[in-house]
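One chain follows as structure tokens, the form predicted on its own.
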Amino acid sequence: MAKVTIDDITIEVPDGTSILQAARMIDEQHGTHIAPPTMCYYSKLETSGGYCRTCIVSVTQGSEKDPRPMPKPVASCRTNVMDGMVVKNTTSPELLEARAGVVEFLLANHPLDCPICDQAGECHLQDLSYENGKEETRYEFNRRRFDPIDIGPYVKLHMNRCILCYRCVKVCDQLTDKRVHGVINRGDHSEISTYIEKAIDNDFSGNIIDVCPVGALTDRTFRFKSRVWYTNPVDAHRGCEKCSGKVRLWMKGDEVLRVTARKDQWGEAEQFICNTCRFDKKKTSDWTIEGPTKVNHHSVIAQNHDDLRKLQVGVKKQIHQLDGVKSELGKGPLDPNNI
């Protein structure tokens, strides 16, 4: 075990724990918000992290045995803690300035098409730029552009929005057979593409939509149907032979507009789901509704909480039919058990 202090909070973690994981443990235990932001790291994907550099932190004391500070910011997702290490994240103005520079580079080629992007409202890059970016850009050159390509009937690729986090490549490497896409070319010309214009149609290929932190990979079946804050997220499940069948339905009235994996507080899928659940089951009769999703009140999705309350009346009836067992569906106005 190793003791590490992050933003003046000390925690004891197992050896081999990264600084990022330790910071997330502190947030979960103390209700703080000191965990660095991430765009490429994904805890459920092996070898992820180390690409975007948004999770950089300042190590002011390397360890108890060697108290010298590290000379420059390090990527917290790839740096393991040492006993006696002292880390600064939100308490270091110099570090926050450095992170703002990283965000500026990520936005250098990103198009300003949030008003028409299906990812708007749940985009990690929007949150990152708002919380850690600068108000104005110094970039005066033409943005990088790519010709659109067709990668299949279910997923739409907008390469102009891609930040090359490599998450989608790792998903298909680790979850599916016969990966047919990856990163081609080098440097500023690098892009996500399929091999010889093949379609991405593996059983779990739809998960590349969930792991993409920006609007580079979006759901064709949901394309332009609704803004995310006009929909009601509901947790549901079904018996599925391929995956757990535990999903999140995004509904408008009684219509299921799209199906996604359930995500945790870090924006990561709790369990990956198959394409059958994601694209083929778009009726409420296909699912057993568990209740409204626990929505972070800081999210724009929470702005439609009045619609969620209307939905709770029907949800509560289903809950009480399950042997009268109450479910933990959130606190406050989003809890159907409080009706």
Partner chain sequence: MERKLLLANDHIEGIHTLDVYRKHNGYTSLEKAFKTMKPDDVLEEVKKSGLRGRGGAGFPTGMKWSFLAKPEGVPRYLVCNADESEPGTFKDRYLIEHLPHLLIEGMIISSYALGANISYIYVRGEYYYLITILEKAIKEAYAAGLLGKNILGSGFDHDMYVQPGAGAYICGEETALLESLEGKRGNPRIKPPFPAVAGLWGCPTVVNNVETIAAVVPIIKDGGDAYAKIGIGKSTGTKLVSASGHINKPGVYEIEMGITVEDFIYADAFCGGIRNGKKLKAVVAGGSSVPILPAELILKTAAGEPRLMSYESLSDGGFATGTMMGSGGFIVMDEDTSVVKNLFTFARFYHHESCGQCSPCREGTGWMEKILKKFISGKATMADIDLLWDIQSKIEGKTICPLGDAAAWPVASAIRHFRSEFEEYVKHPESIHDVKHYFRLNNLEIQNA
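Residue numbers count along the first chain shown, from 1. These numbers were taken from a predicted model, which means no experiment stands behind them.
Beyond what is shown, the protein has a form predicted in complex with its partner chain; the following relates to that form.
Interface membership of residue 242, defined by any non-hydrogen atom within 4.5 Å of its partner chain in the model of the complex, is ruled out. In the model of the complex, no heavy atom of residue 223 sits within 4.5 Å of its partner chain. Looking at residue 55, you'd find every heavy atom of it more than 4.5 angstroms from its partner chain in the model of the complex.
Contact check for residue 49: a heavy atom falls within 4.5 Å of its partner chain in the model of the complex. Interface residue among 229, 105, 266, 146 relative to its partner chain in the model of the complex, by the heavy atom within 4.5 Å criterion: 105.
For the options 152, 133, 233, 73, the residue carrying a heavy atom within 4.5 angstroms of its partner chain in the model of the complex is 73.
Within 4.5 Å of its partner chain in the model of the complex, a heavy atom is found for all three of 98, 163 and 166.
In summary, the region of this chain contacting its partner chain in the model of the complex, judged by heavy atoms within 4.5 Å and restricted to 181 to 189, 114 to 122, 213 to 221, 252 to 260, corresponds to 181 to 189. In the model of the complex, the residues of 126 to 141 lying within 4.5 Å of its partner chain by at least one heavy atom are, in order, 134, 138, 139, 140, 141.
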